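The chain below stands alone and is given in structure tokens; this is the form predicted alone.
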Amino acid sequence: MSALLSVSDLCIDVTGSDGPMRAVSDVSFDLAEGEVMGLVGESGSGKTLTCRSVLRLLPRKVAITGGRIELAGHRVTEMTERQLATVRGPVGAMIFQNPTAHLNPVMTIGNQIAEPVRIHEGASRAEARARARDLLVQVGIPDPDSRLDQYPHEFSGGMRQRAMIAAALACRPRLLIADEPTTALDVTVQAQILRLLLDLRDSLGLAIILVTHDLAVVSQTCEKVAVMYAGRIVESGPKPAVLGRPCHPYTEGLVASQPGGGVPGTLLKAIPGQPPGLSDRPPGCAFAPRCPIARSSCESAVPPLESAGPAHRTACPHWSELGAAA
């Protein structure tokens, strides 16, 4: 199966008061049409920067400094802003973590969904409005005719998230990037949003990158998983392998710290310590200071990803010592 998205050796720097610092290092992954990949890790691991880079939606003082991104045949890392405008929307779209911050408070929901249709497809106002209405129906918003003319503040949190999904789908993209799409939503609405994303994948053939720190969400929705720590992918592969037989101590710690991830009747295991900041990442394996099986060699060189099974890769040379790998 050919890749819709191919990310190779991606590096991203953040410029601070002390100069540029490496935030994402040598990240590589592929995503096929209709595939759902979970990108997981603690806050600060580089998940959001990695995903924003796919559409070159990085904030000021953040820049791609190495690697290549190819989306549906487009060399994203080599495109001008004018060229990128033809990719953002029709080829790839993003659902942001906080819909309230990304929906225009002084534009109606209908206009926010319809505007990209008019810009990218040259549709008339009536055609674009009809598309917006159909999208509201598709994402499960009731009474779409009246909702089109309402403003974001008149929507609930779950409905604002649905409206943002509708806006992202307006130009029929082939890739949808969902950055923590269920944050701050109650459990019932969270389940509805996740079900909606899978239904859209099934009906439209969308490829989806789901950014999350919640392994339960990954377990429910994804086919493959990439685990990030301190700006690097430390484990990747099919969901059953990564979550069922983790081959990196960080992934094993994440699984054990989730409800249902440990031995019944025992306390959940916490990963000791904190992830390193941008300015204090150790020279070798960044997880070594928190790792239960680290050795002195782990502190001197960054371990490369190596095979741990079919399509399963880990950045730990000692993965065979993990209890879950036995």
Partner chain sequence: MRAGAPRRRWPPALKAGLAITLAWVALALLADVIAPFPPNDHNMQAILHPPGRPHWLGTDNFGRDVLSRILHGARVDLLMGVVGVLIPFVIGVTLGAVAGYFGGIVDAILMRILDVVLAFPWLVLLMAIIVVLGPGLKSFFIALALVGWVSYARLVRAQVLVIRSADYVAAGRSLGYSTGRILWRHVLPNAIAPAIVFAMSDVVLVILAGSAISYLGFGVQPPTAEWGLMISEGQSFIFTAWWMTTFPGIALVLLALGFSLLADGLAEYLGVRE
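Residue numbers count along the first chain shown, from 1. These numbers were taken from a predicted model, which means no experiment stands behind them.
What comes next is about the form predicted in complex with the partner chain, which is not displayed.
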If we test each of Ala72, Leu194, Ile119, Leu148 for a heavy atom within 4.5 Å of the partner chain in the predicted bound form, the one that passes is Ile119
None of Thr212, Gln112, Gln190, Thr221 but one has a heavy atom within 4.5 Å of the partner chain in the predicted bound form; the exception is Gln112
Within 4.5 Å of the partner chain in the predicted bound form by heavy atoms, the stretch out of 204 to 212, 84 to 92, 244 to 252, 225 to 233 is 84 to 92
Exercise. May I ask whether Phe96, Met107 and Ala168 all come within 4.5 angstroms of the partner chain in the predicted bound form, judged by heavy atoms?
Key: yes
- Task: Using a 4.5 Å heavy atom cut-off, state whether His102 contacts the partner chain in the predicted bound form.
- Result: yes
*asked:* How about Glu78 - does it come within 4.5 Å of the partner chain in the predicted bound form, if we only consider non-hydrogen atoms?
replied: no
*Is there a heavy atom of Ser156 lying 4.5 Å or less from a heavy atom of the partner chain in the predicted bound form?*
yes
Please determine whether Leu58 contacts the partner chain in the predicted bound form, using a 4.5 Å cut-off between heavy atoms. yes
Checked 209 to 237 against the partner chain in the predicted bound form; residues with a heavy atom within 4.5 Å, sequence order, are none
